[in-house]
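So this first bit is one chain, no partners, the form predicted alone, shown in structure tokens.
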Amino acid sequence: MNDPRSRIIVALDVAGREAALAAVERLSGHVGYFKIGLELFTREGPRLVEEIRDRREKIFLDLKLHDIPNTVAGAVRSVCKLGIDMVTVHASGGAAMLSAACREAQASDSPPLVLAVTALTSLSEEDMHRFGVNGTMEQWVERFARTAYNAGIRGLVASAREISMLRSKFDPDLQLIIPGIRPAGTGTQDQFRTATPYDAIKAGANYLVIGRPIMQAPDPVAAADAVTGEIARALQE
């Protein structure tokens, strides 16, 4: 974690295998992890995960698993065989599901970090209230985070706006993975709760998930290196 590049998780939000492998080839050594999400995984399947792993790259498999405990346990058992480094489940799946995911991960030969997704960064408080949830977004995230932590989860996906709250209420061993990162001067697209790389790391983030600002930049390597610079500045200060 001393290398600022290791904190960058680049989202491979591309159409298919060839584009994904080209991005991995180009960005290798400039970022810490490559994130494979639902769209790419459902198109290309486990084979792509194995190809990227065979290049000795770290993989964040972002499937946001959410089902009954037995089904999620089986899914985690399967993805662990792919040699991934991180995998996501939805915190809203409940304590039994989260515990089942943790048990299966720990039983594997090389346990990945299981991450609980608290509230999607595309959600606003207005959305939350439409669901019938009272209170603030921070309170909602805290409830999910507490459930996940008590179930054995030691990694959370949350927005930058919740970092300070989570750091104040949980042990330092909790890993915070923050999506919705937008370098200074870029648009927010469909994200509501965003932050710059500098601000997120300064607040206490461990890892930053960045997709379009890197992948759709005229020069993705230069964009990734600029993010590294922001992270380095935050760490030095």
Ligand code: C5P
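Computed from a predicted structure; not experimentally measured. Quick note: we count residues from 1 along the sequence shown, nothing fancier.
What comes next is about the form predicted in complex with cytidine-5'-monophosphate (C5P), which does not appear here.
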Is cytidine-5'-monophosphate (C5P) in the model of the complex near all of 112, 154 and 174, within 4.5 Å of a heavy atom of each?
no
Of these, 27, 210, 40, 195, which has a heavy atom no more than 4.5 Å from cytidine-5'-monophosphate (C5P) in the model of the complex?
210
Under a 4.5 angstroms heavy atom criterion, identify the one residue in 182, 58, 66, 202 near cytidine-5'-monophosphate (C5P) in the model of the complex.
182
Does at least one non-hydrogen atom of residue 223 fall within 4.5 angstroms of cytidine-5'-monophosphate (C5P) in the model of the complex?
no
Check residue 11 for me: does it contact cytidine-5'-monophosphate (C5P) in the model of the complex (non-hydrogen atoms, 4.5 angstroms)?
yes
Partner-proximal stretch of 66 to 74, 202 to 210, 164 to 172, 43 to 51 relative to cytidine-5'-monophosphate (C5P) in the model of the complex, 4.5 angstroms, heavy atom
202 to 210
Contacts with cytidine-5'-monophosphate (C5P) in the model of the complex - residues in 16 to 39 whose heavy atoms fall within 4.5 Å:
35
